[in-house]
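Here's a solo chain for you in structure tokens, the form predicted on its own.
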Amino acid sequence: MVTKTEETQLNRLENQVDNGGGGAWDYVCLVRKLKVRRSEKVLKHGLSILNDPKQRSTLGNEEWTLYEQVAVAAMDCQSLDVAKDCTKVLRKRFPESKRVGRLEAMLLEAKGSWELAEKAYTSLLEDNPLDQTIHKRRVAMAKAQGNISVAIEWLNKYLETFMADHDAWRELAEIYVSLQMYKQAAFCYEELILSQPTVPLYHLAYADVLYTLGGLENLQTAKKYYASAIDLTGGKNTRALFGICLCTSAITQLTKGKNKEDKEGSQLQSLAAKVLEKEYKQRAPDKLPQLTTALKSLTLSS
């Protein structure tokens, strides 16, 4: 995850390069280091370096890394001729390279030659079954074709081997949510929370899924995870504050005053409502009346 300082540095350098202040090489290196997607800029500034023999000669072995980076950026931008030219240069320099083979398969994918791309990926995986990038490309290709069930199947198979890949768990969870398969999504978020318990986003997403599933037990657990998201963000998570209010209201409706935790729950709801009102007064005072109306309706319904 890119920090604010890194993002500021990147934006400053990008602005400098765009305005002719130099630093194109530093820019593409920083994009690669931070693993961010600035394809149009990388294509533009990367090509300016590659097309200048003097600049290119100073890169040493980094020249080939830049060719690869520009090729991928060109595919993103559908500049397939540029991607093809870069890949040809790399194939000539590294005739037996599996890494270049992966680029060629990605180029087939970018062209929409799905069957040929799948054959190429399958062949590469036979040589190296642990190539994470190729596994992920197959998932992306399935999603691009609208084969969501296939994407889920491949993601699950991938996670059997690479269980610590947080991005894959999150992607699978989001696919399940889009299909309203909330129990499966909840399992994915549980895995994420177990492996990264201090990331508030996972607590919040898990709480959202449990709230959507409904039922007293799920609502009570959702409220706890909304509370933990608030705790992890120093009390500044607006969505989690709303979640507390919604869960408390729903729990009260289900228990009708029979639950011993009702009093504590109403106090927590009142506290969350006060924080929300304070936040809206500071950041969106024009929307405070709508907030007040919404909170009153939750109180009345409970």
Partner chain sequence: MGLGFVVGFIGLLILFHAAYSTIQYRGLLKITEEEFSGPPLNVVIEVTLGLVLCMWAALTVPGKFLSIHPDSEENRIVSLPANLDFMIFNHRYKVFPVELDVKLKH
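It should be emphasised that the depicted structure is a prediction, and the values quoted were computed from it without experimental measurement. Residue numbers count along the first chain shown, from 1.
Form predicted in complex with the partner chain: not shown, discussed below.
Visitor: Three residues, M1, K136 and V199; all within 4.5 Å of the partner chain in the predicted bound form via heavy atoms?
Guide: Yes.
Visitor: I need to confirm a contact call. Of A140, L124, I152, I193, which residue comes within 4.5 Å of the partner chain in the predicted bound form, counting heavy atoms only?
Guide: Residue within 4.5 Å of the partner: A140.
Visitor: Tell me, out of V82, A227, L213, V177, which residue has a non-hydrogen atom within 4.5 angstroms of the partner chain in the predicted bound form.
Guide: Answer to the contact question: V82.
Visitor: Just to confirm, Y27 within 4.5 Å of the partner chain in the predicted bound form by heavy atoms?
Guide: Because no heavy atom of Y27 falls inside 4.5 Å of the partner chain in the predicted bound form, the answer is no.
Visitor: S270 versus the partner chain, in the predicted bound form: is there a non-hydrogen atom within 4.5 Å?
Guide: Although the partner chain is absent here, S270 would stay clear of it in the predicted bound form, with no heavy atoms inside 4.5 Å.
Visitor: Within 4.5 Å, heavy atoms only: does T252 come near the partner chain in the predicted bound form?
Guide: Heavy-atom contact with the partner chain at 4.5 Å: absent for T252.
Visitor: Do L116 and the partner chain come within 4.5 Å of each other in the predicted bound form, heavy atoms counted?
Guide: Heavy-atom contact with the partner chain at 4.5 Å: absent for L116.
Visitor: Quick check for you: of 93-101, 214-222, 177-185, 163-171, which stretch puts a non-hydrogen atom within 4.5 Å of the partner chain in the predicted bound form?
Guide: Going by heavy atoms within 4.5 Å, the stretch is 163-171.
Visitor: Which residues, if any, of 32-50 lie within 4.5 Å of the partner chain in the predicted bound form when only heavy atoms count?
Guide: In sequence order, L34, K35, V36, R37, E40, L43, L47, L50 come within 4.5 Å of the partner.
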